Each structure stands twice: as C-alpha cells, then as structure tokens.
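In the structure tokens that follow, a single protein chain appears in two forms: structure 1, then structure 2.
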Structure 1
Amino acid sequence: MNWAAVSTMTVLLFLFGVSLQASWQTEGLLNQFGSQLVISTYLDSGVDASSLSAQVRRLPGVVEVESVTKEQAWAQLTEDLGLSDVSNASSELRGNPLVDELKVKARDAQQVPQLAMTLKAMNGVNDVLYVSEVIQQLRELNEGLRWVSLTVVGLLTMTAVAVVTTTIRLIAIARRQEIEVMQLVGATRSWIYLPFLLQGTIFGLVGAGGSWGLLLVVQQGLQSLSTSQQPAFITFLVNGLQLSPQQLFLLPMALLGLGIGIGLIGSLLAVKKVAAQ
C-alpha cells in the first residue's frame, strides 16, 4: 500500500465530497426560503382568494396560481407554532387574523418583479412578497462557489492521477523484467495490465472509504449541533444542511466512482508507458 497515493486520493475525494455535499445542502437551504419564481400575494381582509384567482391566471407570465385560504394558513401556522388548542388561540386573537393568499408562479425569474408590481396594483391585493435580492445573490454566490469547487476538484483530480501514475509506474518499473518476459511469451495485454489496474483500483477504494469516513464525522458534528440547545435560526440552518436518504446513498457512490476512475486511469497510463518501453 502506498500512503502517498492513498492520502492524496483521500484528500481529493474528501474535498470533492464536501463540495458536492455543500452544493446539495445550499440548494436545500435556499429551497427553504421559498422558490424564487413564486410570488406570495396577500389579499385585503375580507377578499376571497377564489374571486381573484381567475383574473390573476390570465395575467401574462403566470404559469400557475394556488389559492391558500386564511383558514388553511391559520391551521398551518398553528401547527408550525406547535399550538394544540387552535380554537383557544383564535378566540384570544378575536378570530383568524390572517388573510387569503394567492401563490402565483411566474414563468421565469426575470418576469417576477414586473408581475409583482402588476399584482400589487390590483384591487383587493394588500401586499406581495417574493424571493428577495439577497436570496438571489445567495444563489449566484452558490453558483460561483460551485465553479470554484469544480476547478479545485479538477486540479486535485489531475494531481491524484499524477500521483497514482507515478506510484504505479515505480511499481511497474520494479517489475519491468517480468513485464518484458510476459510480453515475449505471449501474455495478452489484459493479463499484463490487470494486477496494476487492480492496485490503482484499491488506491481508489481505500481513498473513497477514508474520505467517506471523514465526511461522516463532519456530518455527525453538524447533527450534534442541531440536537443541542441552539437558537432557532441555527437549528433552521442545520436542518437545511441535512442530507436526504437519496443523497446519503449518492454521495458514497460518487466518491467510489471518482476514486476507482482516477485509480484506473492513473494505473493504465503508468503501465502502458512502462509496457511500451
């Protein structure tokens, strides 16, 4: 086992895993803030959502309109707040304080501000809300970070391929006489290459295992943050950073795939070069 190759592979895969995980988690976090295409349109008190729904649907750039009555919104709010006695809460506030809402989905992000203005100008509409500029900038930042991480992972991939190639090449050079004899007695290329390819694959497997372990430790640390007593916003953030079961399966698979791929490419390059000499 060559630790230089394995540790380089582990670091690369760990950083790849972190960037992939970060990208998924930021996406999840942003989704918690709401979709950037949906405009929440709050109606005046006493105005029924269904009365405006058809009119809004006819506006240019509108894809979908969903009505949320104040009763539904009140039920959702009390559930979110963890109130068990809904009627008591209502009586204390002298009835349902909320208004009907229309969730208007725009065709694309550029149309959102214009559509929001049109909606606000309509009779019976009290206020409109949509994903703020900050969230938009956060998304752009996420997009930028994704490119940065892709570049870093790309550079590290080349480094890992170079390290694996050098390592396997040294092993192949040490066994050059054996390789030469194999070639001269009629061994097929696959028979000659296979042991070296297996070695490269093992580097990838061990690297993937190590990086997955490190990622689990990080994940565990985040988990403990969310379970301990923390301000609501931190808990909200940490919940957004949790991976879905599907992602928990995809991440190790991606690490394994990349690790094995790099191991195979590195060892193939090395053994081909030595065998050709």
Structure 2
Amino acid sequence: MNWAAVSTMTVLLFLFGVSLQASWQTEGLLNQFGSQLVISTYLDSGVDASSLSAQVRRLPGVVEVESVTKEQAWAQLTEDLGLSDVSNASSELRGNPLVDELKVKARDAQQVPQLAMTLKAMNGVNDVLYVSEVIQQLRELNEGLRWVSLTVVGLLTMTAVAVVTTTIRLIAIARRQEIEVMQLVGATRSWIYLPFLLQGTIFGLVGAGGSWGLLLVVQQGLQSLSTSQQPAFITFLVNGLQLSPQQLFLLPMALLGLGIGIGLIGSLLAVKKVAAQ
C-alpha cells in the first residue's frame, strides 16, 4: 500500500508537470507568434505614413512600426506582377492607386486584437488587417489543453487521495493497540495522529521528488534524440521543455506543494475515519 500511494502520487505529479510545461510551451508559442505577427494598417488616401508612425509607436503593446509609402508598395506590387515599366503601369491606371501603410508588431498575441481596434479608431486610418484566425485557433488549443489537463489531474488527484487515505487508515488500524495504550497514558489526539499526518506528507515529498526526476529524465532523453536525428517535432518539444529561471523554480515548487497537499488531505481523511470508529 505504501508503494501504491507513492507510485500513484508520482504518476499524478508527473502528468501535472507535463501538462504545466505544455501550457507554458503553448503560451510561449502564442506570444512568439504574436510578436512576429504584422498588423497591416492602411491609411486614408492622402495621409502620409510618417505623420502617424510616431503616434502609433507610443501605443501600449507596440514593439515595432515600419512605414511603407504608397510608392514603395506600388514598386513592390509591380515587381511581384512582373511589370518592368512602372511608369507605364501608373499612367494606365491614372496614377498610383495605393495608400501608405504602417506595419505594426505587437509585444504578444493577447494584445493584437485590442491593438488592432485602437489602430482602427485612429484618425487617418482606413482599414486594419491581421491573421485573427490563427491567433484564435492557438488560443482555443491552449484553452483545450488546459481543460484536458485539469480533468486528468483532477481524476488522478481523487485517486491519489483515496489511495493515501486507505493506506494511512490501514496503518492506523494495524497500530490500534498502540493508539489505545497512548490514549490510556494521557496522550492527546494531536500527538497520537501526528505521525500519520507526517507519513502522508512524506508520500507527497517522495512523489514530488520522483516526478521531478522523471521530468528531467524525459527532457534529457528528448535532448539526446534531437541532437542525433534532429526531427522537427522533437526539436519543438525540447525547445518547449527548456525552462526559464523563473519556471525552473516554479515547477518543482508546484509539484512539491501539490504533493504535500494531497498527502495531508488523504491522511487527514484517514485519521478522521479512524478516530470516528
């Protein structure tokens, strides 16, 4: 039963750590994509891009602004279309039909929709375009991963609590004579049941240590595969599993806190059942 409690706790905390890292990886991908996403801001006819670029740079969440004049856009368009005579094409269309454009980059993906709305409301701006569908799909993916992770972790948490409760309860029943002797000599209930609470805490500590060790082993294994074969998805996983200094502190602390919490809850339930008998 002790082995069952520790192994269940280890598996639970390992899956919790994997889901937490997957959530961090998806959020990092979302923010990285958002920082590279260009919001194309098309100005009204006759409005120069240079007149609005300084104002756009001061907006919150903006990291880069590139001005594209209508002459530059027209030259690029004619080049893409394979037209060698730019002046002839302009004369046929009675001038340059394009407008100046501002290419705006946001700090992260969460700020893109709000930033696009702010740009759209500015004077001199005709239209704002960006790939909103990709951001929405990434957000839905991240939200789906969170719900799946919460469901799996919740089910395993209930299982781990049940196993710890059963284990501590069986240990307490096996030591019932010792507990009765301690009660006869005047020991308090807190003093009698404190060792069982400590044992539940130890289950959590051992499970947290085992899960952290498994996470490190998996990461090392993926790193060795990426250096030998260099497949794209392995490289993506390895890059996502690279923890920042803050995450390197938060992940083991989260595993430790969850493990101790489950161990204490299970042992408290077991002690309560034994005391009620």
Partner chain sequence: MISILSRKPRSSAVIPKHSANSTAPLPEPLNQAPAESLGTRPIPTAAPIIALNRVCKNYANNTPALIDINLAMVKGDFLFITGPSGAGKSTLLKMLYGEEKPTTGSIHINGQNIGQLKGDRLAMLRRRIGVVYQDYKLIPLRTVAENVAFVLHAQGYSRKEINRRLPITLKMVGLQDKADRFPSQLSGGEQQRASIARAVVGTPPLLLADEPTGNLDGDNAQQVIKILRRLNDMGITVVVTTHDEAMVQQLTYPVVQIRSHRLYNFR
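Throughout, rigid core stands for the largest set of C-alpha atoms superposing within 1.5 Å between the two forms. Just so we're clear, the structure is a prediction, and the values are computed from it rather than from any experiment. For residue numbers, the reference is structure 1: its sequence is counted from 1.
- Taken from the form predicted on its own is structure 2; the remaining one is not.
- Once both forms are overlaid on the rigid core, the distance between the two CA positions of residue 201 between structures 1 and 2 is under 2 angstroms.
- Superposed on the core, the two forms differ at residue 68: its CA moves 2 Å or more between structures 1 and 2.
- The two forms, fitted on the rigid core, differ between structures 1 and 2 by less than 2 Å at the CA of residue 215.
- With the core fitted, the CA of residue 42 sits 8.8 Å away from its counterpart between structures 1 and 2.
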